[in-house]
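Here you get one chain, nothing else, as structure tokens; it is the form predicted on its own.
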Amino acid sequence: MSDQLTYPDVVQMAVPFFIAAILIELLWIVLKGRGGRYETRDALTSLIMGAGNVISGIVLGFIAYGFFMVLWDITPLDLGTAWYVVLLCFVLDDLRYYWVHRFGHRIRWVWASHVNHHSSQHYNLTTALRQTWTGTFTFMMIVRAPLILLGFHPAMVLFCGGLNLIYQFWIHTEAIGRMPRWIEAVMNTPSHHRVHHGRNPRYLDANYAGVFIIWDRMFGTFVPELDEEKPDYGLVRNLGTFNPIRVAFHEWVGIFRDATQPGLTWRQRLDYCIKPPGWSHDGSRDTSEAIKRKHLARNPQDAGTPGFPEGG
């Protein structure tokens, strides 16, 4: 089994494309007067978050890769490097991404790392670069373990993850409406991902896909973008700051404060870490389920429509 397999750093290679695409989108918005909005401080925060993500990867990346290589050393399987193996790895890694992303919205400890990506109230290509600095500490690297144990080389898995990340860049835009129906049926698109970034009750906890929207259709988390309900971007409670330090760490601080409150049981302290965002021991806050229930109480006509299943 080869330990020396290498693939190009496709994310680094794509940086010029990212920059060019941002400039083109900005020019389009200025010339056409539609297709999104840019706010200088917001865009700068996103770019700083992206740079911090790169630095974090350089400083801490050895932890995940070292873990993967330990798994590679113990697995008896090696699927090789044929093109169809890479293709299969890409598809399975996207399924892995779906579940990591879903965990990132349903487990507060993981949300603490992911929340920064949703903190912008704008939706443009710079938002795609608003990435975490603390992903290593969520331990979601464990979800990639089955791929390596099945015989996909760690370098291949990370290469496919890089391609996944590049694909997701272009869907962070309002400049593109809907794609042809067959693309919308199978692939993640700007329309689908706008839903994911919406804080509307209808759009909460939906469309976790990276590349293939089929995972959301399979697992019951797909919600279409409705023409009559434009996504309202940001967090349920927006931060009100462009400070990248606060953007990166505010939820970790919140977990610490909540879990160290006096008078809690150890179970309650743990629940502040692992329950969904919005959970509280006294019911004083709202999870996404509670937000949806309250919306339906005010708008019972929405029951059974996308994002509000019957009996929800």
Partner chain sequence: MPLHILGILVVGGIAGVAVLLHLLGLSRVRRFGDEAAARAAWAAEFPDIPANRAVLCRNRAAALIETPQGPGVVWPMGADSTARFLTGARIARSRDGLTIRLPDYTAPRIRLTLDPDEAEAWLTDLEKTA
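Positions refer to the first chain, counted from 1. For clarity, every value in this text was computed on a predicted model and none was experimentally measured.
Separately, the form predicted in complex with the partner chain exists; it is not shown, and the next lines address it.
Colleague: Establish, in the predicted complex, whether Met13, Leu26 and Asp286 all lie within 4.5 Å of the partner chain, using non-hydrogen atoms for the distance.
Modeller: Affirmative, all three are within 4.5 Å.
Colleague: Check whether Ala64 has any heavy atom within 4.5 Å of a heavy atom of the partner chain in the predicted complex, and answer yes or no.
Modeller: Output for Ala64 is no: heavy atoms all beyond 4.5 Å of the partner chain.
Colleague: Hey, in the predicted complex, is Thr265 touching the partner chain, heavy atoms inside 4.5 Å?
Modeller: No.
Colleague: Considering only heavy atoms, tell me if Asn200 and the partner chain come within 4.5 Å of each other in the predicted complex.
Modeller: Judged by the heavy-atom cut-off of 4.5 Å, Asn200 is well away from the partner chain in the predicted complex.
Colleague: Check Phe256 for me: does it contact the partner chain in the predicted complex (non-hydrogen atoms, 4.5 angstroms)?
Modeller: Output for Phe256 is no: heavy atoms all beyond 4.5 Å of the partner chain.
Colleague: Have a look at Arg178, His122, Arg106, Arg217 for me and say which one sits with a heavy atom within 4.5 Å of the partner chain in the predicted complex.
Modeller: None of the others qualify; the residue that does is His122.
Colleague: Answer with one of Leu60, Val70, Cys273, Leu47: the residue that has a non-hydrogen atom within 4.5 Å of the partner chain in the predicted complex.
Modeller: It is Leu47.
Colleague: Could you list the residues in 11-41 that come within 4.5 Å of the partner chain in the predicted complex, counting only heavy atoms and keeping sequence order?
Modeller: Result: Gln12, Met13, Val15, Pro16, Ile19, Ile22, Leu23, Leu26, Val30, Arg37, Tyr38, Glu39, Thr40, Arg41.
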